[in-house]
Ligand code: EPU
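Shown here is one chain on its own, the form predicted alone, set out as structure tokens.
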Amino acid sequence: MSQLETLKQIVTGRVAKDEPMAPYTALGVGGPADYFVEVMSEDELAALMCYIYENSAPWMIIGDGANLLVSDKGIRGIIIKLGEPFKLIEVNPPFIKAGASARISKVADIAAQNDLSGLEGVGTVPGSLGGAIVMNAGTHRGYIDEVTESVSIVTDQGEKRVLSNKECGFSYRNSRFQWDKSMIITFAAFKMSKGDGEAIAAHLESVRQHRDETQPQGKSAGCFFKNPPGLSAGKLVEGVGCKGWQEGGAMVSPIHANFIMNADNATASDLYNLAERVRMQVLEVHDIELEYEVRLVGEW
């Protein structure tokens, strides 16, 4: 039996070979994955991970692709995406349980509708709940670790476990999941506080409107580079004259210099080459080597 047929027997979601990754990323670029597998339950995911472990197959989990730059050459191995059941959001005050594929903004909205406070800081951040936990996302109004009660995971050997907040290793914009690649987040439980739902909803709407007015619209992965300690990557890039630079269909946004946009059918190589030109310009002028905030994945 072929590997494709075997995978179709393990999961009930979509399974495909040589699946283009462009539709699964915010930047809209990326070559084919060897195998694309959509799982529809924790049991399916556990069975899939057992198969992967027993066959020593390379694998990668993707969320909503908000911060991925996938190579034009694609990704080797099995790409896993959590299906519709992982968008679940359940409210049982003061707790909220949500799936890793749920948009964190929607979880925050539902919390506000139930007069529950604690996700205001992260509810204006784009991306999925799973990604928000991995990055310990948040703003000055609070980070997701402050209300995370527990995180459900499936390990790379197919074991289902529940981790406490402490076991997640949260720190500033960081968590255990950034370096420990042996587990996949499936669900999370949050312990919330009583709040003024109308005020929370108004705040979320105000911040989102400001973001829409001040950040470029279109195909982007958000900020391309991390801010160096005490500095702004966007201001560094703008200060060395990179705003508006182009490479093929890629462009440094004239609105916000830390956004590198897929402006006109860019390839992943266009985006990467432009980003490298920007990094070299900042290094030459300021002797500061910008680090990528987007994740470069696949074969480069």
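Note that residue numbering begins at 1 and tracks the sequence as displayed. Just so we're clear, the structure is a prediction, and the values are computed from it rather than from any experiment.
Although it is not shown, the form predicted together with the named molecule is what the next lines describe.
Only one listed stretch (34-42, 50-58, 267-275, 236-244) carries heavy atoms within 4.5 Å of the named molecule in the predicted bound form, and that stretch is 236-244. Screening Met183, Cys223, Ala112, Cys168 for any heavy atom within 4.5 Å of the named molecule in the predicted bound form leaves a single hit, Cys223. Proximity to the named molecule in the predicted bound form, taken as a non-hydrogen atom within 4.5 angstroms, holds for one residue of Gln215, Ser150, Thr155, Asn174, which is Gln215. Not one of Tyr143, Lys191 and Ser193 places a heavy atom within 4.5 Å of the named molecule in the predicted bound form. In the predicted bound form, none of the heavy atoms of Arg161 sits within 4.5 Å of a heavy atom of the named molecule. In the predicted bound form, Ala250 stays away from the named molecule, with no heavy atom inside 4.5 Å.
Heavy atoms of Asn258 reach within 4.5 Å of the named molecule in the predicted bound form, making it an interface residue. Although the partner is absent from this view, Gln178 stays clear of the named molecule in the predicted bound form, with no non-hydrogen atom inside 4.5 angstroms. Residues of 263-300 placing a heavy atom within 4.5 Å of the named molecule in the predicted bound form: Glu293 alone.
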